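Included below are structure tokens for two forms of one protein chain, each presented in isolation as structure 1 and structure 2.
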Structure 1
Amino acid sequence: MTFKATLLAGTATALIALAGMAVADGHATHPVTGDVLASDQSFTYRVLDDFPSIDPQLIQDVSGSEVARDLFEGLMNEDAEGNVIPGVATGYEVSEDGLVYTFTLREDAKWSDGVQVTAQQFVDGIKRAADPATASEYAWFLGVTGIVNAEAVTAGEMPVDALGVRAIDDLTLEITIDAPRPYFPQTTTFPTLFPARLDVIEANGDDWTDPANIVSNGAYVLEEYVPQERLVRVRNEMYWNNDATIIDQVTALIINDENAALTRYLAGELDMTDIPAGQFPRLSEEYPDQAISFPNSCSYYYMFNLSDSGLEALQDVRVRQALSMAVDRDIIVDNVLAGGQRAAYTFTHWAIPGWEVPDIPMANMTQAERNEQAKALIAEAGYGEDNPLEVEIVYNTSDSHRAIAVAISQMWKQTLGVEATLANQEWATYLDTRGEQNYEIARGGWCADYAEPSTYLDLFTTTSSYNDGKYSNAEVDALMQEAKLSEDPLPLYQRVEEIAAADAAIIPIYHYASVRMMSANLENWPTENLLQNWYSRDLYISASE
């Protein structure tokens, strides 16, 4: 089985088109669309929080991954529709049993210091992520890929050399997985599997990602990073496809206040920013060519601390069910957010390819029916007017997160008499709070790493390092293990969602939409890529009319 011929043909076509960039009236034009290009090809966008890390093997958040996809390049990339296309690898071949992937690397792939990108560097990156000494928050992702012995290595039960990865020669990488997994090629687009320059890392230690030290192999290099303010990357002249890159400079401005970010966007300081909760209807009327909303494979939820340090009341499934039922999700999506989001009663995003949402009883009730059942459950658990339940909701600083927390706390108060206090924390502190189970109820958001339900449902397994609620159900663990080897895992995934809903493992609240203000001159944004894995090298700024 081979994928190489198709990939190479598509790449050649794109390169030929981009190489023919025309000039009209002294202005360059886009070789495919014919749009006249602006003379200033700079893209500035807003992020909510600072980056915990931009080290590919240590990245654990969406914003960090966006930066990593610019600075580094993996074996494969994604196109505007989310299809897997060549990256450092020109293509791959798969063994007949679907277990062995052989990637051929391009000869002209270089690091920003001119050193050739090799298969061994991909081996080094994957081993580095798996090594318990690295303490990668995303080491668990290697188990999801199915790389042979990944789970045993990340658990410290086997040496890193036992991983099913090897460099056959400088330009040939072999990866062996434990079972046929159709989504495996897409996992190679994720930063955890990016190559690593161990010489640079060892020479500079934790400071290797500083602008003065970093060496990268992507379309951009890191020019400047001011914590809590901005991160700037500029074109990498050594990138193998630099001639096809149009955007010269990309700046991420760290702005915690969504309304302040909107003001700066309207003042022309940003090319893109998120729309604050509830403002999409107004902005879409005032700026119909700039306000946009489209599906994004992320789910918003509240998690319970079910560890030994958690609130005793929340260990009672009746309390958790009552809290979940009393959340009027339609009010959240229609009135608080009003940006095209969908109410959620399961964790897996509705738009994941091949996913069919199972029949969850609560989803078929009216809100009035949910409220009545919630009242009965909370009373049965021993809480009410004479003994009100008191809980704390922790969320990371954001006007939208606060608006949702306020709304939910009022719903709980009105329906159940629950007294909820709110606590906002800056991003890094919030991550620590969740990871250390130092909370009662916490806001969560999960974005798919690949387009398959397990990217969500693995978080329900006992051993998942991102199971910050410490939910544990032996049947769920067994079902997810069985799904890895199943030719048709859909019924297994649906059963996991049914169990999680019955256990009230989390409170699913809504499925995301990307709700943004985007400059009318910012072109080629991949709105059809459900995972929103975008690359600055694919974008361009058209000239104003």
Structure 2
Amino acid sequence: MTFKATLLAGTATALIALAGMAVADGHATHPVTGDVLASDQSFTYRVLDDFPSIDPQLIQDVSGSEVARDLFEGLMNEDAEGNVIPGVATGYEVSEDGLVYTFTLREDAKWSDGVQVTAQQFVDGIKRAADPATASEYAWFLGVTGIVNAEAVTAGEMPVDALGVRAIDDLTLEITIDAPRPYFPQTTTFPTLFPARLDVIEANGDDWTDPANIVSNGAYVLEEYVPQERLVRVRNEMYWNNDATIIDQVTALIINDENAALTRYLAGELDMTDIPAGQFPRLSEEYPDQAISFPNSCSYYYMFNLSDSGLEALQDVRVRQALSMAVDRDIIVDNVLAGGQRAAYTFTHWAIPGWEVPDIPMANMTQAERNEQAKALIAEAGYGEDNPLEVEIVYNTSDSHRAIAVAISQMWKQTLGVEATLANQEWATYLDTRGEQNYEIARGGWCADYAEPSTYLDLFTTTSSYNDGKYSNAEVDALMQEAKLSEDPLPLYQRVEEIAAADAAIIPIYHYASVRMMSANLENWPTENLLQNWYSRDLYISASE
């Protein structure tokens, strides 16, 4: 597979060029890459579970967002590298204090029923997401955007009209935020902030997302939705940039079992599916042009319960250091997962744009050196053969989590004589266990909400509600506070990582990768978009060579 993603940066020029699709030898070719296009431009991919919702203001999962980005269009979009580019808005202006954003909407943006897309519909969408009556679980995201009064409105302390959003006229939208947040424009690519057609929603109630009722403003419209089976979207003829769209039909097949999905991929029923853990080496040998791996912005780690209910031994930084050092990440990444993941010694995913991983002493040692140091540390803390440390690792039920826990418990046993027991728990129980600090060591995974280190590092702050380990360090809290208003927060973030590493706040284990089978003819997949915010309208199917 060749990646021409960089060539099609989604820029206006490329899109204009696309408008006149060249025809050579009776076959259409791609205006930028010159590839001959397949006559059948349909794309079929697998999703793990049914969509909890496809209502933009209610969506809170990745696969629902993928559907929403095809069906609807927000103020801004992302290009293949994750840069923010114009969507319904042609651009925006920021006030000098960084608090007021004024978006200008394009005139030719229309809904699938021909109605023009207006600033008021964006206001309606944001208000709908914040409104307690909507009871959107994703209302918290408006707090991340920093839109003025969003949290108070959701808490029912202020009327919905108090939100910092205002339609100046049909094509001008003003959004006021509470503090300068350089990542704010990117948050407008989230479905939560998409426009809403209150007339359609009111007329149909909860059924407004049915294919028969739904009206959308994106490149596609919903053609068919059979819950638990398939969701089909086809071209929206009213979309302002419809001429530049190549893929005609997008089908999401809901397949719970990843091995069944792989079989169906190999039988030609799918263009894209995930590779089950451990199968990447075999598949990349058999299908070198289809098995691919690229960074995925999540980090896998073990957390210590540092609250009062935690194990006393783990309050000792030497014990935590020893446990962290004795984990041979290379074995986990190369032998257990074997899908292009990367060993982690710090929390923030290495591929976050603008991030430079700080120099952590442990990262530069060999595993033998780490093991030596770990042994010394745990002996110093008073644990050894006569007095072995006993810990329990809690993880949510899954084959790969178990495999990793087994490997780590073996490493701890061999190097440190630690007796680790494994406890797997069903998902909701596990979350409860973690949230109530009912554990000693627990597995964790964290994915970026936006492409900036604070999406990870906020977890180290004392007040974070996601800080299930209850790690607390005043210096970290101060640095994170300072970073929010800093012109150049990178050194501050690096310092936080260094402190967290020195404290062994968590055991970073690896940084995720997307490990996929992808049809050799599916082109322009944005592998460099770290958050994997892809748009079907940017893809195309090339003719088989």
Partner chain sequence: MFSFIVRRIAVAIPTLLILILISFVLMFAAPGGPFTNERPLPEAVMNNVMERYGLDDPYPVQMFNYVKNIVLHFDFGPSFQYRDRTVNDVIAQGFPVTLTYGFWSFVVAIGVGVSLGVAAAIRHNSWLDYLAVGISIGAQVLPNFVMAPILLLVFTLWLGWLPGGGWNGGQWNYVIMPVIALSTSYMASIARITRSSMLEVLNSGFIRTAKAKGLPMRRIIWRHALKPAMLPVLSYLGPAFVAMITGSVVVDVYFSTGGIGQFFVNSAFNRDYSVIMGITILVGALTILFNLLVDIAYAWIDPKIRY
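As the structure is a computational prediction, the values presented were derived from the model and not from experiment. The term rigid core refers to the most C-alpha atoms you can superpose between the two forms while keeping them within 1.5 Å. FYI, numbering is relative to structure 1, first residue = 1.
Here the chain coming from the form predicted on its own is structure 1, while structure 2 comes from the other form. When the chain is split into two rigid parts between the two structures, residue 399 and residue 542 fall in separate parts, each C-alpha being assigned to the part whose superposition fits it better. The rotation of the smaller rigid part against the larger one between the two structures comes to 26 degrees. The shift recorded for the CA atom of residue 487 between the two structures is 5.1 Å, with superposition on the rigid core.
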